[in-house]
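Okay, here we've got a single chain as structure tokens, the form predicted on its own, with questions on binding and movement later.
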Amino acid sequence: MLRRRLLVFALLALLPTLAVYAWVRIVPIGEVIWLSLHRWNLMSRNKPFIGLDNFVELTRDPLFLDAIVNTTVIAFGVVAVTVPLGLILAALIYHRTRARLAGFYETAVFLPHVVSLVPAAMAWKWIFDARLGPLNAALGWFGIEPQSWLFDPVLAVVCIIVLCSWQTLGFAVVIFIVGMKNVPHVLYEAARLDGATAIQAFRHVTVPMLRPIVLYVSVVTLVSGFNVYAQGFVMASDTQGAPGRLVRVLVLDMLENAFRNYRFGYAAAEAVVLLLVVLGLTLIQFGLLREKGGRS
């Protein structure tokens, strides 16, 4: 009886917060889904219900297909760079740095994660500048020809991956260090007694013990990669200088359809696709974590 009363009290106490959360987060998602089922043109009074026609049109839209491919490549590219490099840096900071300096290194690595996206993108755009950028100047010292980093579609995608990885790396390092602090030192002692080197201890002790955290960081990084926008908008200009045109990403394509072409229903369908991608990645994360927990 007492337990039931406590449960009722907790639900009543949480009700205002849950109501605000539902109004701010759940209701807009429902409205976007409903909007995606209409031909909702801001310049027209008639907004007919068309069912899944917007989604069918998406499969035939070369701009959308290009955007989803670029976004997927960027998202997985950021994960491929951030997770291994984050693990290595975290291990170096945790195992090879004195305690009084560890906080300094953690702060230095984490700072890019809190830098605003637009100033960071502008700084990296200058670094990758074909004429005045320091990167091409450094390559010239080794006799390498200057590259048009931001005017080649493939190289521009690589530049965006570098920028996103630079911003995400600090988050991964800090999370990995927190996980390493919970690894029992007795495992490292046992590995040392067995004659394992530092690299072998990292491979056979650290990485297996951090698998759930590695999975978490991978999924969070992948989801944030699918939401990339400002980086591509600022850096990837086309030959006429139009921002974000050389490398189209999903969020940019969505905003252009909504606020440039006034096709809100079509843009809402793109948003629903993005929602399904993020939801699918989240479900995969929970499934893998549950499978890992069952095996252990």
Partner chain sequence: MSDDAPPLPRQREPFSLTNLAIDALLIVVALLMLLPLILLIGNAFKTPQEMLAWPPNFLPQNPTGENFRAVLADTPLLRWLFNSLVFALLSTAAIVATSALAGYVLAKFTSRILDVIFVVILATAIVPFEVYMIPLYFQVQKLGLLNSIWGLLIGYLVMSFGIFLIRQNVKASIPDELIEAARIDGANEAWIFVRIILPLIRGPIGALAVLAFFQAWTAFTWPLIVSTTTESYTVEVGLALFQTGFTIDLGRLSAASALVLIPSVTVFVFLRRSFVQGVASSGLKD
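Residue numbers count along the first chain shown, from 1. The term rigid core refers to the maximal set of C-alpha atoms that superpose within 1.5 Å between the two forms. Everything numeric in this text was worked out from a predicted model, so none of it was measured.
Quick note: we don't show the form predicted in complex with its partner chain, though the next part is all about it.
In terms of contact with its partner chain in the predicted bound form, the residue from 209, 89, 80, 158 that brings a heavy atom within 4.5 Å is 89.
Its partner chain in the predicted bound form is not approached by residue 37, whose heavy atoms all lie more than 4.5 angstroms from it.
Heavy atoms of residue 118 reach within 4.5 Å of its partner chain in the predicted bound form, making it an interface residue. Interface membership of residue 153, defined by any non-hydrogen atom within 4.5 Å of its partner chain in the predicted bound form, is ruled out. By the criterion of a heavy atom within 4.5 Å, residue 97 is counted among the residues contacting its partner chain in the predicted bound form. The candidate site formed by 132, 174 and 264 is fully in contact with its partner chain in the predicted bound form, as each residue has a non-hydrogen atom within 4.5 angstroms of it.
Contact annotation for 101-131: residues with any non-hydrogen atom within 4.5 angstroms of its partner chain in the predicted bound form are 101, 103, 104, 105, 106, 107, 108, 109, 110, 111, 112, 114, 115, 116, 117, 118, 119, 122, 123, 124, 125, 126, 127, 131, listed in sequence order. Core-aligned CA deviation for residue 18 between this form and the one not shown: 2 Å or greater.
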